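Next comes just one chain, in structure tokens: the form predicted on its own.
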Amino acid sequence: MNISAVRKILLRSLLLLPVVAVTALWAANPDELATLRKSDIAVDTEPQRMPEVENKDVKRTRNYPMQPPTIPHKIDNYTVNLNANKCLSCHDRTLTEQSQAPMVSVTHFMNRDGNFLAQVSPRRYFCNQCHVTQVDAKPLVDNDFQDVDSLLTKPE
């Protein structure tokens, strides 16, 4: 058996491993398999309505240093692709005086070597990679997250 044949066998077995693990879990405890669906998989249920995006233009407190700020307004139909970035029509360095929107962070003008550029760096051009809108929705799972300030002031 040559090396390429061994690699193919190893790759196939690695690809099948998650399928085997999930199947084994379901076979062991089919009634205990937790889902967010809360109904049998064979039953068609009415999907929940999508919550409305908040449109308050209010800055939110950040929970940790360097957390990307959330987008406090709707961005439906905003184009962000290689040819256009609707976000920069308000948040670009040269347009913030007219729009009164906060300027893009200075970190977005740095290339990977730490040099400052005149325009937003291509690696920071796709805003939705880090920045997201918010909705008023009930959390799907419990969350006991504590922000960094409460952790720093917590007595030991």
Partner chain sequence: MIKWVKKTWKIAARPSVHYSLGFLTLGGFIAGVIFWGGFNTALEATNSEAFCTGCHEMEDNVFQELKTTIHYTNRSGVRATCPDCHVPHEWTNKIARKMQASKEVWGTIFGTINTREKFLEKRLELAQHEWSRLKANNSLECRNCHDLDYMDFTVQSARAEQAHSTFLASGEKTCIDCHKGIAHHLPDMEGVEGWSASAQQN
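Numbering follows the first chain given and starts at 1. Keep in mind it's a predicted model, so treat the numbers as computed, not measured.
Beyond what is shown, the protein has a form predicted together with the partner chain; the following relates to that form.
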- Should the three residues N55, Y78 and Q119 be counted as contacting the partner chain in the predicted complex, with contact defined as a heavy atom within 4.5 Å for each? yes
- Message: Please identify, from 109-117, 93-101, 60-68, 39-47, the stretch that has a heavy atom within 4.5 Å of the partner chain in the predicted complex.
- Response: 93-101
- Task: Evaluate S89 for contact with the partner chain in the predicted complex, applying a 4.5 angstroms cut-off between non-hydrogen atoms, and reply yes or no.
- Result: yes
- Query: Judged by heavy atom distances of 4.5 Å or less, which residues of 66-88 approach the partner chain in the predicted complex?
  - Reply: H73, K74, N77, Y78, T79, L82, N83, A84, N85, K86, L88
